[in-house]
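Only one chain comes next, encoded as structure tokens, the form predicted alone.
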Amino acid sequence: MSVSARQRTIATGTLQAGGLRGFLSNRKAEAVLVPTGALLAAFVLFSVFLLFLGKSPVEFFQLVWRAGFGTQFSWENTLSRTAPLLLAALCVAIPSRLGLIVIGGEGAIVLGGVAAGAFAIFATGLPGALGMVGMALAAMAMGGIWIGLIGYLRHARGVNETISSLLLAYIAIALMNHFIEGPLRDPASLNKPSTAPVDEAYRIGNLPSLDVHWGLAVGILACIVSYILIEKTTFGFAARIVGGNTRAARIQGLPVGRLMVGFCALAGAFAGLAGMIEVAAVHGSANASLAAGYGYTGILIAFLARHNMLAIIPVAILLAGIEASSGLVQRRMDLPDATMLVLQGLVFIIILMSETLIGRFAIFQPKTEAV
């Protein structure tokens, strides 16, 4: 037996004898440390950008901390913004396990909000709980159909899901504007077209002792359920097989088409639910404020979390805190409102670049015994 063959045999035996646990822990450490390093690198580059503008990076990050996490009010503001980001990130992370890059969550959010607002108009008189459930189901159905269509186009027609989801997002925003400025417009909404206000019985209240609506709990629960579905069930296992090798999945007889459409529809349902929460907990009606960019920030969160459903939770809180601080930063440092977009863009680019580093560090690789 050659030396290299003996090395492979020993390495395999070591893994089978118990080294697998250490190997997995190294891989998990790599999955945490590489994105964290990329995030820090993005902050360093953004600091250079601020210095070029003649601004203090230290003051910037102090203001971000104060406005995003420094007080109870800051925390409550951050957590309120976290809810839609959690669900928007799931719209990216769930299809990614099948190898699909879907970036059209913004479209499902706005159409989900319109569907919820329309249901509230035509279902007046229902008990509060039934009304909220109906709004949620209408929003989830609308979002599920919209993103499920992307999975169908990918499977049946070979249409690139990244391009189709982005284009459908623009179409969705145009449809939202059409409905809230036309058929569903409340005549009393003069300066800002919107649907009729949602009945108070259908409004989502706050968590106990917090000025944060229940949408946060819904978003966290959705992340946990998604993790269990993907990592602990046969459906999730089948989806991961499809994501690893679609051709092999077909040979094994897995329903690739149904899995693609089903998981895309689930992802869209979560994004549509985010739209409903924005209507029932924040805006009180469907209007142009639904297109707040949560769907696009969700892309960044999903990639920063490396599509891990549980890691999405802390990453979403971090990004929500940065967004919550934008107003204070602009006023105190006299920066344009696009400054935070520059930071998000840098983070996204560096995170994408860091993906090429996965598997390249020897410290994270399984140890072999030389002979």
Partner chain sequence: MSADDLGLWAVPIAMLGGAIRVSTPFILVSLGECITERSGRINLGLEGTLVFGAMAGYAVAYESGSAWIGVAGAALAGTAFGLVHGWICKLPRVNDIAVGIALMLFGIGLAFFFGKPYIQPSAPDLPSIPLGFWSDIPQLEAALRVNVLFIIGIALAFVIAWMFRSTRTGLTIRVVGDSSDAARAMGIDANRVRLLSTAAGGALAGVAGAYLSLYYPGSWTEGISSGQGLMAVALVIFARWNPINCIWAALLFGAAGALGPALQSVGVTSGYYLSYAAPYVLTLIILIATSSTTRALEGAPGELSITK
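Numbering follows the first chain given and starts at 1. The structure presented is a predicted model; accordingly, all values stated were derived computationally and were not measured.
There is also a form predicted in complex with its partner chain; it is not shown, and the following applies to it.
Comment: its partner chain is not present in this chain, but in the predicted bound form one of I220, I101, L207, A141 has a heavy atom within 4.5 Å of it, namely I101. L153 is the sole member of L259, L153, A136, I230 with a non-hydrogen atom within 4.5 Å of its partner chain in the predicted bound form.
The stretch from 222-230, 171-179, 266-274, 251-259 that comes within 4.5 Å of its partner chain in the predicted bound form, counting heavy atoms only, is 171-179. With a 4.5 Å cutoff on heavy atoms, S96 does not count as touching its partner chain in the predicted bound form; it lies far away. Put simply, L335 is close to its partner chain in the predicted bound form: some heavy atom of it is within 4.5 Å. Residue contact with its partner chain in the predicted bound form: F49 places a heavy atom within 4.5 Å of it. Contact between G158 and its partner chain in the predicted bound form is found at the 4.5 Å heavy atom cutoff. Applying a 4.5 Å heavy atom cutoff to its partner chain in the predicted bound form picks out L335, P336, D337, A338, T339, L341, V342, Q344, G345, L346, F348, I349, L352, M353 from 327-354, in order along the sequence.
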